[in-house]
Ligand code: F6P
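One chain comes next, on its own, written out as structure tokens in the form predicted on its own.
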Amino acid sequence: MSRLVIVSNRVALPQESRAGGLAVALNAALRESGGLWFGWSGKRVREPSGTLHEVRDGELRFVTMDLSNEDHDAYYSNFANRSLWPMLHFRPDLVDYTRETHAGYQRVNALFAERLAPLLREDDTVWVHDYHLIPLGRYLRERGIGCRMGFFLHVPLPSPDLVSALPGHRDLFGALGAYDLVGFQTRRDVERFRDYVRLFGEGRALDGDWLANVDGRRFRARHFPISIDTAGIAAQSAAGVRRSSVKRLRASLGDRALAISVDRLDYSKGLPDRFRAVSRLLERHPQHRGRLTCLQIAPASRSDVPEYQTLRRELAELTGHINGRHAEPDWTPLRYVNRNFSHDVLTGYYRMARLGLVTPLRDGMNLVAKEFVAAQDPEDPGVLVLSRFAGAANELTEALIVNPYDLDSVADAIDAGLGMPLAERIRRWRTMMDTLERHDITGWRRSFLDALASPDG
């Protein structure tokens, strides 16, 4: 078995405590084959970028690289998060592009390749993750690296017309042709990428999964929907309901139903629309007044970016307006919390909730939706209200699928979920849980690596 080399913007170091998700899956993959995890150290330094640090855990190596303040700002804070992120989430109106930050993004990717290349062996398998490192494969090829390389995009891919609106798009997205396998969350993302290669990338879409780039190099694009540690989250949630913080939340609700949402504070998540849908629910279905509490947990992120500062202010104002309009002396409809909670507490919250509200305007997958399903009590499961624009909607078809832009439909879905009979709740949950048990996080990473190892697809 060849050695696995994982490359990502951040590295889950052995001494760090990161529950669930991608870090668990990638660590398990490394332990199966032995290998190396390479990425940014998380350190911003005054001296030039490039200093390496290494941590060993048995046969595994974790190598990280420092970035200068200038490189971090250009590569991460600006181009990755203010140009690529909004464009990839269908928000070209929020793209803040400059040639200087684009050059900084390319410079850091080239530096990643320069520092990583000497660490690679001829028979390694390299797996690169996410939009921060799109051109890394090309820079490694330019340094003579010939081993098999795969790339996985964790976020959505918009239509070719939107992608082509980004200056320098052909050079940036054309670099994906340096990989042997490019993975996406959904079939629709793959279709958009094939269309982009054909229409704007000067390449060709071939039979099956195959494409050819402008130089004629053949590579594959396929969808691999990322998933969760289904069994682990089910067990964690069952234990989580005994946590003191979960018990306090239950006591504070009395006999009211709980609807829960957990999102990073980001404009792609549709939080203002969700808050307005809750207000619309109370207008259209007044029987829920005093009987439903909606808890929105939204830890702040990228707080130095103006768009996120604006969003945070908007949500605070909306919360005050909605609660001021609908609240009673002993009840407020909306609880809005800007802080992190441990994963076991969150899964305990999911298990006690009657509804999970997952209504992003656009999401590559949205693992909260899957975690909510896995966390439910099999004998009395809650109902998932899910945006059609989350990748998870392609798999969790027994959720109540909504258009997050249609506030009335979201309000009506919340009402339907609250009134859904137990037998129907169990049937819907069981169907979704079967899907998550068949396709968990282990299956996701094995399917990608198996496909990457196969030269014929």
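When you see a residue number, it is the position in the sequence shown, counting from 1. Everything numeric in this text was worked out from a predicted model, so none of it was measured.
One more form of this protein should be noted, the form predicted in complex with 6-O-phosphono-beta-D-fructofuranose, which is absent from this view; the next part is about it.
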Could you tell me which of 199-207, 81-89, 99-107, 338-346 sits within 4.5 Å of 6-O-phosphono-beta-D-fructofuranose in the model of the complex, going by non-hydrogen atoms? 81-89
Report whether the minimum heavy atom distance between R351 and 6-O-phosphono-beta-D-fructofuranose in the model of the complex is within 4.5 Å. no
Determine whether any heavy atom of R302 comes within 4.5 Å of a heavy atom of 6-O-phosphono-beta-D-fructofuranose in the model of the complex, and answer yes or no. yes
Given that the partner is absent here, does R446 sit within 4.5 Å of 6-O-phosphono-beta-D-fructofuranose in the model of the complex, heavy atoms only? no
is_contact(Y139, 6-O-phosphono-beta-D-fructofuranose) in the model of the complex, heavy atom dist at most 4.5 Å: no
Using a 4.5 Å cut on heavy atoms, which of Y76, F275, F193, F224 is close to 6-O-phosphono-beta-D-fructofuranose in the model of the complex? Y76
None of Y131, F173, F219, Y267 but one has a heavy atom within 4.5 Å of 6-O-phosphono-beta-D-fructofuranose in the model of the complex; the exception is Y131
